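Next up: a single chain in structure tokens, the form predicted alone.
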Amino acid sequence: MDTLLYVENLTVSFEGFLALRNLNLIVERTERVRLLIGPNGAGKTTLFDVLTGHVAPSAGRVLFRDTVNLAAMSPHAIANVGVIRKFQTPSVFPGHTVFENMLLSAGRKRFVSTLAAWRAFTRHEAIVATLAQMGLAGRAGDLAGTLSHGEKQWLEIAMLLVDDPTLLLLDEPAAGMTRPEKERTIALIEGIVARSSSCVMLIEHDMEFVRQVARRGHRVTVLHEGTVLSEGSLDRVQADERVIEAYLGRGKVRGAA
């Protein structure tokens, strides 16, 4: 295989309820963005939970870079191999400055070593560059608690980017944002894939946001009742009769996903 992520027959059961049912998913190494859509309860967040070691599957395989078995690893070990997740609600340290938040995030992994001083210097440069990329350079000295909701979301993404993840998982990055903040977030995602080697996999319910991200030809995966219902371009999945039938009368195809 030559895949970034290979998910085969993934099943997750919570006291008899199948949150994921024999789910199969492949993300190629050349992909830069993969969008996951589907109604609440479709299994999107559960899939992210498995990918990051927070939920153990009942059955199936999850291979990262062909050989790394994510299902057998701890969340910390998974983060160290380059799979990093942002949850829907921003998780920043409000009593620390933006720059201090970045330092704390960078320090979680690789500050402790015989080359600590050199890495601290290179981390400082990486932090400055990442804050500039996310439009937060001017807020570096401000307390994170004073940021707007959108700025907190961008700060948390910046905190993840400083470690140069291979697979960046974003759970509803546009949730609670104003329209200008959503437009800025779309531009930031485009900047991430243009300036780094990271692949971004994101869950989103806002279909206008999905359309704007998918306009560059990124693949969309539709989950329904714990399995993949359809996959391809956004136009293709929205025209898929299975998707239309599954969401008929619920406004899920042309409206919010």
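Start at 1 and count along the sequence shown; that's the residue number. The structure presented is a predicted model; accordingly, all values stated were derived computationally and were not measured.
FYI, the form predicted together with a small molecule isn't displayed, but the following is about it.
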(request) Identify, from the list S230, T52, T227, T45, the residue with a heavy atom within 4.5 Å of the small molecule in the model of the complex. (result) T45
(request) Please pick, from T178, T146, Q88, N80, the one residue with any non-hydrogen atom lying within 4.5 angstroms of the small molecule in the model of the complex. (result) Q88
(message) With the partner left out here, check for me: in the model of the complex, does some heavy atom of A19 sit within 4.5 Å of the small molecule?
(response) yes
(message) Whether T67 contacts the small molecule in the model of the complex should be assessed with a 4.5 Å heavy atom distance threshold; does it?
(response) no
(message) Residue-level contact is defined here as any heavy atom of the residue lying within 4.5 Å of the small molecule in the model of the complex; does E151 satisfy this criterion?
(response) no
(request) Answer with yes or no whether H205 is in contact with the small molecule in the model of the complex, where contact means some heavy atom within 4.5 Å. (result) yes
(message) If contact means a heavy atom within 4.5 Å, which one of 56 to 64, 210 to 218, 37 to 45, 189 to 197 is the stretch that engages the small molecule in the model of the complex?
(response) 37 to 45
